[in-house]
Structures are given as C-alpha cells and as structure tokens.
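Shown here is one chain on its own, the form predicted on its own, set out as structure tokens.
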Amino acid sequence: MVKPQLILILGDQLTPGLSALAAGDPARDVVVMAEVAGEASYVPHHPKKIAFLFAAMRKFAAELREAGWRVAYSRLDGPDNAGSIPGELLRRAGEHGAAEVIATQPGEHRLHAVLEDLPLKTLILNDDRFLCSPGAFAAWAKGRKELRMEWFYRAMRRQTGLLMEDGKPEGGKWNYDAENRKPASANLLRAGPLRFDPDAVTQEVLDLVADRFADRFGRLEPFWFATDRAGAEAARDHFLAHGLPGFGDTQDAMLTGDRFLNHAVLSMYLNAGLLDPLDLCRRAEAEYRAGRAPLNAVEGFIRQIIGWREYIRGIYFLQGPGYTASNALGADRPLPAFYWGAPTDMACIAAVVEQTRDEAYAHHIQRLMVTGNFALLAGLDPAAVHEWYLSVYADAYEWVEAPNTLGMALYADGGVVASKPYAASGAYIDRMSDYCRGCAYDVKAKTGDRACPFNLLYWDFLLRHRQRFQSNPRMAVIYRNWDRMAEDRRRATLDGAAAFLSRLDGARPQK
C-alpha cells in the first residue's frame, strides 16, 4: 500500500492551484492545515489579522473537502493541538502513516528553516502564484550595481504585456507617478472598501480570538473583512468599479476623516492567496481599455502589484535570512509607547496609529511617510520597528514587510532598496494631509517649543549621518541649505531635537 504524503497549506496559501496541491493526489494524500499558537504569537499579531486568517483557513479547508481532498484541520482550541507547524506535521504523520511532506515555499525564512529541519522527507516547491521566482529575480539582479524597482518593473511589464502596445508602454511613459501626488479633499460620496457582516464561521472565530487574544494591540470589532474567495472577489470588483477611477491622483493623500480614500484595501486578500495578482492587474487594465479608469490610476495600481510587490519579495529572498538584522545607520532608540496607542501630541502619528489599531490597515504613504519617517528621523531600533509593522497590519508577512520597513522606510539595509533615505520634514505631511490643522505643534515653526518634531528631527537625522549622505548627489543640495542657515537657528534646531528625543520613552502596548 502506498503511503500518503502530507500536503502542508499555510494560512497565506489559500489558493486552489497552489503548487503543493498540484503535486499531490486527492485519492492518496492528506492536506494539513493548522491554527497554532506559535504562528499566532511569534509576534503579537493584530486580533483582526488572526481572525481573518483563521476564518479564511476554515473556509478554505471546507472548499478543499468539497473538491475531494482529505483535510486534517487543527483548530487553535483543539485538545491535541501541538501548538506549532512542525508539531502538527509530526502528529499528522503519525496518524496517517506518512513519511513525506510536500509544501509550497513559505514567505518567511524562519518557516522555511523549520520545514528543512523536519525529521520527515520534505519537498519545498516554488510558489508560482508570484510572477517572478526568487531564482528569476536573482538572475535579473546579477551584475547590477543598483537594484532599482523601476528597471525591474519595466521588465515585468514586458514579461506580462500589461499596458504595452507594440513593445512600448501605453501612453508613451512607463510611470505616471508624477500625476499621482495630489492632496485630497473630503468627499462623502467615496465608496470605500466593501464591507461584510460576519457569518457563523467567522463569528465563531471572532469569539475564539476575543477569548485568547484580548491583550493584543488592536480592536477586533467591528470586523468587516471578507473571509473567503467569493467575498474577496466581490471586494475586488467593488474597487475596480468605484475606487480605481479616482485611485491615481490622490493615492499618496491622507485625510483625518477618511481612512481609505480610493485605496483598494485588497492586499490582505492578495497576500493570503484569495486573489490572483496577474488576474487582478488584467482586470484593472481592462477598466482602462474600456474607458472606465484613467491611465495614471491603472498604471499606478499595476505598478504596486507587478512592480513593487514582486520586487520586494525578490529582495527578501535575495538578501536571505540575515536581512532582518540590518541596521546600517546604527539606530538603537526604543520604540516609543505611542506606537502602541499611548497619547501623543503629534496629530499625524496619533491618526495613523489610531487607524492601525482600529482597522489593521494603513495605506503605503501613512506607513512610509508618517510612522516610518518618524522612526527613521528619531533613530528607532530597526528590529523593534520591523516587529511592530509585522504585528499590526492584516496584510503583513515578512517577505513583504521586512524590505518595505528595513529598506524603504528606515534605510537600514544601507541602500539595497532605496537610493537615499525617505526622510522628510513636516512640510511633506502638511502638503499631503490635513493632519497638521489640528495639531498641538506648528508645522510652519522651525524652532521653539511648538516646532513640529518632524522639522527638528529632519535636520538632526541629516547631521547625524552627514558623512554617509553628503556625497549623495540627491542630498548634497540639502546639506548646502543647512550650511547657509544662521548659526543660532542651527543650534536651536539641534537643541530642540535633543530635547524632544530626551522625552521619548519605551514602548508599552495599549489595548
């Protein structure tokens, strides 16, 4: 009798065509899925993320059973749950007499190492849901002095044919980002993301999460995420019809009273495997071809998926397991308590953290230019910032979070991702948001007690790292502006920054 193989399906691999499933045989093999304490707790994940994944996993398991698979599913509160992925694989191997495991490549190095250490024969297959494999990215990167996303993105456009006409980019330009940086105005008619009422399966999970993870940062309810493929596809279609037409112009904008603007809020579904990236891009392209969405919006949306998303994953696997220890700037300040919801007079930080607590979501500029920019300027410990981002967002997995945090936001990788630090004063936040209007600080003030901390810390950061950055052509003019300032203003700026930093305290998670 041929022994069954175990087909491991992780919580972010909820795709019927997954390579591990394609390599298995429903008549012989056993699918293993498990809600385990180890995965729910290796960082303090937002309760909404845990609930989303557990509910989606339970529904995907039911989908597989309907398709004819035997599924060994472990609930978090199951009496025999081993508490970890390897523990559950070994338990199921004993139950079913299996000696081999088939898995699709995990999105985190730690899980890959766990699978390789199993005392079972384990085959780890490429995750072909992505358009560029780690091997293909390494081949693209070989011999390049700089691994810039723009050049990778153009290669991906050629590979997929998206927004291409006779080998040339649609409209004559590869990138319409310059048209996508407008501030937003309040608009009560914006549709926002599609919301779903919890069904019985989801409510059961919500009750479990409320009981087991009540001490976590983040509000579990109201819970409105889709938790199955049909819901994710409905959310996709809703965005394409209502959000995509206005997505481009204001994709970098931030408004206190509008947490979503025209953003898709689809990344959690995409990253969990409930949506297909190429299909999503083709549908967005079809909206442009049909005249229902402008080119700058569609190009910007497609660039985030086949450009940035694929590029970031390529960087993660190219750099290897040591990447998360990156700290090129030697930053070591503890994460301030306001990242976990403690009070702060900085209106922009307060707004983004409150939104993160409530929604397990913030869009890319809120993450990069508010919480990320502050962490860069203040010299916060990259490891602590990395763990925070991985903890608090529903779409966060290490492959996508680490390069965005350590590379793009913090420059901790020394320039692998970014050609220069994404450092900005309060003027950028004021231009792209309405946060500054009700702030206790004055964004126009450059020195003094009411000066915006971003203004003070901006120069403090640049001066701390002058030796590294002053020869960068894109930053040399900034240092010349500093040198032309009056000495008393320079001293007041640095004294103000030192006084502000001295008041920061360490992190205390807040419910």
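Residues carry their position along the shown sequence, with the first being 1. Bear in mind the structure is a predicted one, so any value in this text is a computation, not a measurement.
The form predicted in complex with ligand FAD exists for this protein as well; it is not shown, and the discussion that follows is about that form.
Listed stretches are 166-174, 223-231, 200-208, 406-414; the contact stretch with ligand FAD in the model of the complex is 406-414, by a heavy atom cutoff of 4.5 Å.
For the three marked residues, Leu335, Leu457 and Arg464, no heavy atom of any sits within 4.5 Å of ligand FAD in the model of the complex. None of Trp140, Phe130, Phe196, Trp308 but one reaches within 4.5 angstroms of ligand FAD in the model of the complex through a heavy atom, and that residue is Trp308. Glu401 is the sole member of Glu401, Glu88, Glu285, Glu359 with a non-hydrogen atom within 4.5 Å of ligand FAD in the model of the complex. By the criterion of a heavy atom within 4.5 Å, Ile312 is counted among the residues contacting ligand FAD in the model of the complex. A residue is said to contact a partner when one of its heavy atoms sits within 4.5 Å of a partner heavy atom; Tyr389 meets this definition for ligand FAD in the model of the complex. Contact annotation: Asp395 falls within 4.5 Å of ligand FAD in the model of the complex, judged by heavy atom distances. Leu368 belongs to the set of residues with a heavy atom inside 4.5 Å of ligand FAD in the model of the complex. Applying a 4.5 Å heavy atom cutoff to ligand FAD in the model of the complex picks out His263, Ala264, Val265, Leu266, Ser267, Leu270, Asn271 from 253-282, in order along the sequence.
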